[in-house]
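Below are two forms of the same protein chain, given as structure tokens: structure 1, then structure 2.
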Structure 1
């Protein structure tokens, strides 16, 4: 009953060099439940962002089924996408000379939020990420940490059940990383299902219920912190970072 997202055998191919086919995602299946954080962990180029783009409807998968709260993404793309918020982060994507409020109202309209709900949804999203007091400030004046919280607010503006966060803590200072982690915890407690990618193993260790190790577009192993450490052949007291380092060579494409 509390299943939010079911992904079955998803593939995404691109044209490679000399008419070859490059399998960026090569048959990945998983389930996301309400109040659960699942993470995709793997080296650069493993396919994490392509996977998120494919599930969220930004890229059409080459193959596979995606069901979002009982809605098939291919058959009901509009309704299904309304259940999801996607956060890619970075410095781009906002109008620097417009306020935080106006930026989010713009994206709410793009996401087909009803006109009567826009004000409420935008203020609510700004409150969750603790940016309500700067709602009228130009986004161009925001620090990286504020910008990242604004990206998360953007992902929340259509009040989605599912949130996908692609490297939400990348490039942030220690305090901002902490703030974003606490924010993700509170969203999980509020019942959202969250898909998270990060290269920071402390993010994964503190936030993820299930870790999916991804390499070369395939899932190599899935489990919780302890199971990953067991798979890596390290002691349970070892950090997840050390465990990952032991596994990393197995996740490299082509090995």
Structure 2
């Protein structure tokens, strides 16, 4: 199946003061395909976080449908979520006094991985992120770069088709950023569909096949790097960061 995730006309409204309605996301649709990396870009308050939480099942949309490999998220949430790995990253989230293997085995059980499959899934995830040789070391001894790769391994331990990567290179040194980016490329080549969020435009410019611009809760424009630059009205040799800065004021007004 080439189509992994289909989001159709998603809306999420919140009640504000005096019973006013705030439209956090207002009719967003998109498709994620196998072997594709997509990113959502927009100013603070544009609706990115609400959208990501809705896709991952942490928020229930007011309207619209989300299908994960043909499974309706609202109707079959448990089965649909099993197809997805969510990676938040950061310095927390693991037991520092336990080994990398034991940490992943614990989270595999939380993700309802069958007991007979846990060892194979954990070792496979560690091998993918190149941490198999340190599987018995305490996580508390890991560098930031190793910790970030372990977070990605945690997202892979239930062998999902879709990965949601939130700020995967935040706080890393140059060498670690390169390592994580190459890892994401290899996951894409292996057929995973990846949703990437990052404040580092270099991550998005390097990794994303499709960039979705969001403003005022709406999808304003979608395209690759060159198409985004053309939409922003800048030269093709301009960095994606500068292209975004050129269009950001319009996004804030919610085109």
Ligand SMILES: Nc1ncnc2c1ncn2[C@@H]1O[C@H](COP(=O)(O)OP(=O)(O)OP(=O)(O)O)[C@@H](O)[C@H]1O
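Numbering follows the first chain given and starts at 1. Predicted model, so just to flag it, every value in this text is computed and none were measured. Each form is matched to the other, and the largest set of C-alpha atoms that superpose within 1.5 Å is called the rigid core.
Enquirer: Can you spot the form predicted alone among structures 1 and 2?
Expert: It is the second structure (the form predicted alone) rather than the first.
Enquirer: After the core is matched up, is the C-alpha of residue 50 off by 2 Å or more between structures 1 and 2?
Expert: The answer is yes; the displacement is at least 2 Å.
Enquirer: For residue 62, decide whether the Cα shift between structures 1 and 2 is 2 Å or greater, given a superposition on the rigid core.
Expert: It does, since the residue 62 C-alpha is displaced 2 Å or more between structures 1 and 2 after the core fit.
Enquirer: Does residue 16 show a Cα shift reaching 2 Å between structures 1 and 2 after rigid-core superposition?
Expert: The answer is yes, as the C-alpha of residue 16 shifts between structures 1 and 2 by 2 Å or more after core alignment.
Enquirer: Any chance you could measure the C-alpha shift of residue 27 between structures 1 and 2 with the core superposed, in Å?
Expert: Comparing between structures 1 and 2 after core fitting, residue 27 shifts 3.2 Å at its C-alpha.
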